[in-house]
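What follows is one chain in structure tokens, specifically the form predicted on its own.
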Amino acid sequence: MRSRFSKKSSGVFSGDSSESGAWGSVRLLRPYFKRYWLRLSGGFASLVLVDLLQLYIPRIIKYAVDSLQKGHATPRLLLDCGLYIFLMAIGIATFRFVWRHLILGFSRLVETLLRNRMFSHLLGLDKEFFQKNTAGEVMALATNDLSAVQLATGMGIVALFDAVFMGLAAFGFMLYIDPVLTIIAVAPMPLLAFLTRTLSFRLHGRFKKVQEQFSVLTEFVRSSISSIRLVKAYNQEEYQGERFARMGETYVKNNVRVAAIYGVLFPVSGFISNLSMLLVMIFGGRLTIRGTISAGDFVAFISYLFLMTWPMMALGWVADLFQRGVTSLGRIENLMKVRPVLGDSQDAPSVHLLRGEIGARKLRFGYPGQTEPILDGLDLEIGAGTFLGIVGRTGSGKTTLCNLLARLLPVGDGRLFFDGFDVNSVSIESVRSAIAYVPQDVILFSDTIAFNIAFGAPRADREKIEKAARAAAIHEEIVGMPEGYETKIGEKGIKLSGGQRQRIAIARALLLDRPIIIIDDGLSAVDMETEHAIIRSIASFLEGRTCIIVSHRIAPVADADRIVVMENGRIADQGTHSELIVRNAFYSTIHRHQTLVPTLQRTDGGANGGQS
């Protein structure tokens, strides 16, 4: 069997929670760094120029102070020094704009490309993944987690590069002024390095919990809003609000635990930098008094220490940005590792399936975690242009069969054939392109009616859209709406009735004009009269096409060429409507219940009405 259920989608957003495992996810960004290396090179070159200009300013200040101390200073000399610093400030501002545009722009490009890559990957995943992972979790990845990655690849790498380059350069200038004083000034730094390493390790786990709780919050809000009518119908607004508040409290607590690390890291970083300044003031001041270094050297040394203070304090911030980034990147990588259950083999060709012949041979399927199969050795041959009806009790496997035929679930080799081709020997797109499928659960987008009908054929003109709508007996109701076909139907078609949603879904399938159409209980929400009108109007669309209709009612399948009765994942009986009424107890019972009983009820109702 080429297709099998993947185990990777279980707990996909948890993944490897260790710090080393999270840092390994950085490989996900390598293609973007290679692609934009020239842009990054220009950005870092501009950043280096900014740092060099900042490092040279203390040299000018030293020259001016020494000139003042020696009595050589003149107004012109001081003016020239000020002019040099002014020109350098302009250069710093210019190159700072350049590196911000290039490097921070790169981080936005990474965010965009990674989001597009994630979305394309999500579109390729199938039913099992979305059964195990909520939409809220996916939305959190596309918002909060991507934002953390963007900050890490933008200000994170800038701060890291700037801290290293500026720190080493300032350290070099300080060594040039006085090596002993430099060693004294940097003596507290190992403590900062140790503290940063210790706290950043804890930060990884705590921030991971923050992101996971954000996913829970996002999913709760999404599900509550999409089910708002049910919430109101059951008067559960207050209860849902309390649940959301509790989740929010947990989210806040997790963030407070992260903030506690900041509360230690940043003040300690500032304390250590100020401690270095205190040591320089004490020992450097003595060296200046003794004449070991000049007053200009002392001022320049303090300036370089100020420049070095930023790298010292930035270590905590950089550690935070990178820990957040790699934690989120690890969650994103776990998503990207998930592979669809259904996948084409490398040599699977694309073919045109035009006849509409379907064959199922010993078809067997079971869902993961279930001991008994849903379909158990089902055999079925459907000729081209056949109108096939399928009926059966709930749980008999009707919808599962439809999902297998629509190539939404995996199937073993030699079990399912279209136009004589084993479905595993051709591309999935080939099979799906031959089918117009109306699922049991109608799916509509929060857009216009025209958009929803033309979703499978976005280039269809209004005439074709209206023709399909007429066939689905929904056109008159659409034109009666204030904006007609441009009416916005809201989330999941909330502005429409259940019957209207089903008929729009049928119109969408009819517009595709494909050789096979599958309707899985797609008329359950319409009344009997509308049901008959739809069946009559779509007859012209079904001519020459293979049509499979699953229904709990007899009326939609009564005129079928053949009707299949399913029971316990097998075909219990098959034949025409008249044949099954005679020989199949289940079929004759539901037929009698749906036709004779309502007739008797109407008759009794009329008689009782006459006596009252």
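Not measured: the values here are computed from a predicted model. Residue numbers run from 1 along the displayed sequence.
Only in words, not in the display: the form predicted together with a small molecule, which the text now covers.
Counting only non-hydrogen atoms, which stretch in 364 to 372, 464 to 472, 172 to 180, 418 to 426 is within 4.5 Å of the small molecule in the predicted complex?
-> It is the stretch 364 to 372.
Quick one: from 105, 395, 383, 490, grab the residue that has a heavy atom within 4.5 Å of the small molecule in the predicted complex.
-> Exactly one residue meets the criterion: 395.
Single option in 399, 288, 303, 144 placed near the small molecule in the predicted complex, where near means a heavy atom within 4.5 Å | Contact with the small molecule in the predicted complex is made by 399 alone.
Would residue 440 sit within 4.5 Å of the small molecule in the predicted complex, counting heavy atoms only?
-> Contact check for residue 440: yes, within 4.5 Å of the small molecule in the predicted complex.
With a 4.5 Å heavy atom cut-off, would you call residue 446 a contact of the small molecule in the predicted complex?
-> Outside the cut-off, so no.
Does the small molecule come within 4.5 Å of any heavy atom of residue 583 in the predicted complex?
-> Outside the cut-off, so no.
Find out whether any non-hydrogen atom of residue 35 is located within 4.5 angstroms of the small molecule in the predicted complex, and reply yes or no.
-> Residue 35: no, not in contact with the small molecule in the predicted complex.
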